[in-house]
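Take a look at this single chain in structure tokens; it is the form predicted alone.
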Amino acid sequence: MDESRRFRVLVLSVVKHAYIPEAVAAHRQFELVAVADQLGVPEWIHARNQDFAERFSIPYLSDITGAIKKYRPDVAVISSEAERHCELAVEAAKAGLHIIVDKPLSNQLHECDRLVNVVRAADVRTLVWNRNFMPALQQTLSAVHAGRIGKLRAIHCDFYFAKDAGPPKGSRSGNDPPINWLKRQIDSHADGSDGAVGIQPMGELEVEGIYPLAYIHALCGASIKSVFARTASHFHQAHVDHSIDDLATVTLEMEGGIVGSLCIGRIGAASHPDLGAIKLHLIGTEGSLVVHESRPEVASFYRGQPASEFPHRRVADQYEYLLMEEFAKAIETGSETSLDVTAGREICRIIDACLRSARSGSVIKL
């Protein structure tokens, strides 16, 4: 890799995760040159874009085409509402920009298909944001590929985020109107509990399911043949009001006789001293592994510690930097990334099948 080469980056909307363009900016080969968005977006979106632009001392334009022409970027970073991920990515790909896009890739499978086709025609590199470079997962990949547990036969992932999502279940009386999903997301942006910014309500399986499914994809490399899922609105009133899940279980039947499963949920900030209970269980023909994603970590307790602060803190965690290392290499050499839009589209297809399974109570074949 030519580490002296610099890539110019256009940030396309900073509605949800500012940490993604922040991670891009932290890498020595990437330089943020501007923020841009569509002209007709609501004022609260413009305000977030303007705030980010001011923090990084870069211009903000309500004109994507004009921004691309003026600042000649190499890369687009997209962190808009989920409904616009593919729309903005398609516009970037048609302009020949390489793409980093927030998860989920989309809440509409046909939008994923459109993006995949445009990306293939444009021959640009893509990365859907993921956690596959967490130290614990990288060590697990090394152990599996080295055959330390023999041939993989079964894998399970617990993926519980210890974050709130507004008022707890049961807090709304019968006469109260349902919680307005978008307003709650906008209001909760400040404390990080806005799990799925957008007009359409989305449950945890749809929002966060990409993480455990990306782990399973990386560790197994096997196609999923069928799924069976159960979902519930167990913790948060906003999820109850909109009939979406904050807790789900999924069983996967994969090629080669491998069985997979996952449990996922947004379980509240008071439920865990770290980001959440995130753990992998792997069973092979010669042994097994239990892997805590948070390791290595340290515990920090002190007088006056804020209630919102996680006492347990991860250390030696460079997954964001390593994602950007991989992306720079992909641009320079034409190699694939650990999770491109084609793989992201497949995960969206699996989640769509899981939601259909939960609604019907039946196994869905893929």
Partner chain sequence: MGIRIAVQPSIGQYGKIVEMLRCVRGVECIADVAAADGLITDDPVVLKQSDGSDQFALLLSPFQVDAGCLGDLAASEKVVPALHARSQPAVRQIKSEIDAGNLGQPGLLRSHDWDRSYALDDQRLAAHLDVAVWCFDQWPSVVYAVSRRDYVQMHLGFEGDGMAILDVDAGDSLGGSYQSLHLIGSRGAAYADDHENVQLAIDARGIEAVPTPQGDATLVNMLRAFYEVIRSGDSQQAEWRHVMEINRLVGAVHQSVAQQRPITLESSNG
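Residue numbers count along the first chain shown, from 1. Bear in mind the structure is a predicted one, so any value in this text is a computation, not a measurement.
What follows is about the form predicted together with the partner chain, which we do not show.
Student: Let me know the one among K94, R172, H281, H242 whose heavy atoms come within 4.5 Å of the partner chain in the predicted complex, would you?
Tutor: Of the listed residues, the single hit is H281.
Student: Since exactly one of V90, V291, A222, L141 fits, which has a heavy atom within 4.5 Å of the partner chain in the predicted complex?
Tutor: Of V90, V291, A222, L141, the residue with a heavy atom within 4.5 Å of the partner chain in the predicted complex is V291.
Student: Y160, F228 and K365: each with a heavy atom within 4.5 Å of the partner chain in the predicted complex?
Tutor: Per the other structure, all of Y160, F228 and K365 touch the partner chain.
Student: Among 249-257, 213-221, 98-106, 125-133, which stretch has residues whose heavy atoms lie within 4.5 Å of the partner chain in the predicted complex?
Tutor: Result for this chain: 249-257.
Student: With the partner left out of view, is N117 within 4.5 angstroms of the partner chain in the predicted complex by any non-hydrogen atom?
Tutor: No, N117 stays farther than 4.5 Å from the partner chain in the predicted complex.
Student: Does S261 reach the partner chain in the predicted complex if we count a contact as any heavy atom within 4.5 Å?
Tutor: Contact with the partner chain, yes.
Student: When the contact criterion is heavy atoms within 4.5 Å, does A154 count as touching the partner chain in the predicted complex?
Tutor: Because a heavy atom of A154 falls inside 4.5 Å of the partner chain in the predicted complex, the answer is yes.
Student: Just checking whether P296 would be counted as a contact of the partner chain in the predicted complex - the rule being heavy atoms within 4.5 angstroms.
Tutor: Contact check for P296: no, nothing within 4.5 Å of the partner chain in the predicted complex.
Student: Any residue of 267-288 with a heavy atom within 4.5 Å of the partner chain in the predicted complex counts; write them all down in order.
Tutor: Heavy-atom contacts within 4.5 Å come from I267, A270, S271, H272, A277, K279, H281, L282, I283, G284, T285, E286, G287, S288.
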